[in-house]
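Here's a solo chain for you in structure tokens, the form predicted alone.
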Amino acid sequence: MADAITAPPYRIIPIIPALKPGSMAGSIPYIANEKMQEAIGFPGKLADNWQETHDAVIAKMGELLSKYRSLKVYLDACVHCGACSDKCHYFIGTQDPKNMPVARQDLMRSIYRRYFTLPGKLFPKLVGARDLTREVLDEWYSYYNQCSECRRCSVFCPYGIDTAEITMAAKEILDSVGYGQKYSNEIIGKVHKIGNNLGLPGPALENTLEGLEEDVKEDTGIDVRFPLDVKGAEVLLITPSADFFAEPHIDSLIGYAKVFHASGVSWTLSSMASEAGNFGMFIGNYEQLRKIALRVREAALELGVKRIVVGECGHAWRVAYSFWNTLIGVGAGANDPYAIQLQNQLDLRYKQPMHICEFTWDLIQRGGLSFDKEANDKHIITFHDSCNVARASRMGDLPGGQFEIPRNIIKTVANNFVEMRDNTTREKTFCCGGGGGLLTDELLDLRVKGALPRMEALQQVTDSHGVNFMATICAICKAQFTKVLPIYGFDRRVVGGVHQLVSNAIKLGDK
């Protein structure tokens, strides 16, 4: 499949591309089968009677409009000013006008106006309202699965409209009527059944960690442990399951273990909650979001840990930072007995939860770690800000800590660091092109085109400064880039984690 897909040409000038209406109309991810849908509590398929589906869609939309005031505000507020038009990586790469954020929003807004506003009921054509048909629903399924929920358009919107929330609402509505996406829903089912996105059973996880201990011992001569289900450990590490076996993810896991070893802080992984990722956010479903997150609380209580640290995963950190307080009681928010028990158990002298970069940077600032920066001299490094970290979370005590802390770590462990263009980094960063539940092979053409703006910026610093390593702190970014980099003429090993660089340079003691 990859052989038939080619990268779009780089733009000579980064301006709004010429329109290609309908160019991505045929981009349709696989539909979840009945078993996948029903396993996570949704109808198995669309109703045989269209009127039943029609009524169910309108009813669900009404429920969401009443539950989430922000959704109604976003649907009402847009004035079609066009500020977001050229900000979406998918529009830039595909040139399909329906991938303009404003146009993608209008796929839902037109239905909202028809059924939930008086002008739309009386004069639909005058206000851009349209009837809900099966063709419209199919259009939703195609184009809302061409949004990675990265929120870059929201940075530029003068009204602060969050297109991601509209996309999430559309996906929840589609799921609720039996029109779910296979990739995301299959992953959610694996988490409920096994405990991680990849369906890695406990014994396989244990064997993997034992193998890593042997590899690190062979490489360094030091016994660095990768503990699993250790009761009484201080830190519970929750990390993306890709860290357990896939490259380059596993190199960051080795980096985490070396940091814990060098600092002398006891830690453990959990076979019950080995997965940091939470695809409940991608499909916009609160119940799934909470059910997945509850595994973390159960594991923390079972193991009696004092701190919870999240590994290099972008959307996992967004969920942890923004939602864990109310979902499971990590921090103030939830007030059920188990949440209160967890709040009393955790050591509130530390941030709860804490990102692995915060953990490492805190140790660096206190002189708890030593490095040989020359160990990374083979790399000329740049940094890709992952969108869910950049635009939906914080790190540290100061605004912008999510930008500065990873960069500070890189500059501490390596001598050569180069920034990409300002308008492609920090809060204006471009998505990797694979987020939002779109990291599936049948969408590879979309993913390659969506990566275009980031590849352009990477190519520029490669040509001007010889950059040969792009660090990031997101599992989806790593998986996406290893797939699309070769299509753009780069070596797949150009991408890696921040803690991969930490692993290269850290000096290990005998702790």
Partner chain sequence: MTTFLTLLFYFSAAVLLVGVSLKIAAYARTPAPLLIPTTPAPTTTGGVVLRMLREVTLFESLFKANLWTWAASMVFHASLALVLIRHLRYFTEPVWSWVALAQPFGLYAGLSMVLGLAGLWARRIFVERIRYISTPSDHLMLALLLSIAASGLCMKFFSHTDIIGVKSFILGMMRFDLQPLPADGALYLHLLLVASLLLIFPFSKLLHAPGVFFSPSRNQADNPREKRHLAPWAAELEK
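Residue numbers count along the first chain shown, from 1. All figures in this text were calculated on a predicted structure; none of them were measured in a lab.
Here the subject shifts to the form predicted in complex with the partner chain, a form of this protein not shown in this document.
Contact check for residue 329: a heavy atom falls within 4.5 Å of the partner chain in the predicted complex. Residue 368 falls outside the set of residues with a heavy atom inside 4.5 Å of the partner chain in the predicted complex. The partner chain is not shown here, but in the predicted complex it comes within 4.5 Å of a heavy atom of residue 76.
In the predicted complex, at least one heavy atom of residue 18 sits within 4.5 Å of the partner chain.
Only one of 370 to 378, 315 to 323, 202 to 210, 268 to 276 lies within 4.5 Å of the partner chain in the predicted complex by heavy atoms, and it is 315 to 323. Contact annotation for the candidate site: 83, 165 and 403 all lie close to the partner chain in the predicted complex (heavy atom within 4.5 Å). Proximity to the partner chain in the predicted complex, defined as a heavy atom within 4.5 Å, holds among 138, 427, 362, 247 only for 427. Checking 221, 399, 232, 264 for any heavy atom within 4.5 Å of the partner chain in the predicted complex turns up a single hit: 399. Along 129 to 154, a non-hydrogen atom within 4.5 Å of the partner chain in the predicted complex is carried by 151, 154, in order along the sequence. Relative to this conformation, a decrease of 3 Å or more in the Cα-Cα distance between residue 333 and residue 347 is found in the predicted complex. Between residue 332 and residue 347, the Cα spacing is smaller in the predicted complex than in the shown form, differing by no less than 3 Å.
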